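Encoded as structure tokens, the following chain is the form predicted alone, with no partner shown.
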Amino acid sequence: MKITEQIAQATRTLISFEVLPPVRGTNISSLYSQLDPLMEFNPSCINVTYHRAEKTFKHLPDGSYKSIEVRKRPGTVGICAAVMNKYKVDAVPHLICGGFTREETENALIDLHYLGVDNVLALRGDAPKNERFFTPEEKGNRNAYELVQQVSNLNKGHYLEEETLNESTTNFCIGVAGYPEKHCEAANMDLDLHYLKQKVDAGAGYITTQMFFDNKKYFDFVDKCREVGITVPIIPGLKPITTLSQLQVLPSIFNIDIPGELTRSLLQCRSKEDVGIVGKEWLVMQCRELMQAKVPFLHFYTMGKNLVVRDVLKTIL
């Protein structure tokens, strides 16, 4: 079922989780072990991230180095099929621009259509780890707006090859990312909202936000979106803090602020267990306030912290 249909039919705030594909060489059972403890909460969907290939250098016997590309977390499409089959829940695969041509994207969309996947999350994706700026793939989409356009065109039966028989249309519900504290590359929030509205106007049916730890940032973001004419549902993205190092790592990577009250509480912790308790209590507070505001979803970036998310849900539900 489409995310927008789920929201329209819901009588309560829905739950969703985001997971990473297993590292290459790891069995899918490692993913199931993360999801199994969370399924008692009847999630409406499971998001599965997509990852571009990474360049590494292999040291050869003659002393030289060879550049190779390895996709460390392959299998997004297959994982979506496995999740839908095992748990009888909708899967939402991420689509990214980086590392993929438009033809490769079209082929992935056709595979997803055949599998009965109803939703996709269209993202530009990050620059490679060894590069400062994002560079699109040759013959690839340059940004999420173009990616949304491609999915929308396929929904209308418009394939890349004009000679293709346009008898079969897809029917994907398209989600996009939103940034309550502004995308790190945007000059200002006004420009960021301009680009977000472009994606919505191109066919996006809902928005999932970057993580945030101050609910006011989310509520202000929703208000700003409505002011510029963005009317689609806006799903808050949430993540538990579990280590003190995240006070530095999260702001630097995701361009987000950690509230002073939360920071002070974390710095007073005397053990890792204390940090986990503070982070969990803060997330519980966020969830309760968001549910009281009747947000459409609580979307959790689990990223290996499934047991923390489970404890939070046991507390609020």
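Note that residue numbering follows the sequence shown and begins at 1. Since this is a predicted model, take the numbers as computed values, not measurements.
The discussion below concerns the form predicted together with a small molecule, not included here.
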Notebook entry, point to check: If we take heavy atoms and a 4.5 Å cut-off, which stretch out of 174 to 182, 109 to 117, 216 to 224, 239 to 247 is in contact with the small molecule in the predicted bound form?
Noted result: 174 to 182
Next item on the list: Decide whether Asp90 counts as a contact residue for the small molecule in the predicted bound form under a heavy atom distance cut-off of 4.5 Å.
Entry: no
Checklist line | 4.5 Å heavy atom contact, Gln198 and the small molecule in the predicted bound form | finding: yes
Checklist line | 4.5 Å heavy atom contact, Ile234 to the small molecule in the predicted bound form | finding: no
Margin query: Please determine whether Asp126 contacts the small molecule in the predicted bound form, using a 4.5 Å cut-off between heavy atoms.
Written below: yes
Item checked: Residue among Ala82, Ala186, Ile230, Ala202 with a heavy atom within 4.5 Å of the small molecule in the predicted bound form -> Ala186
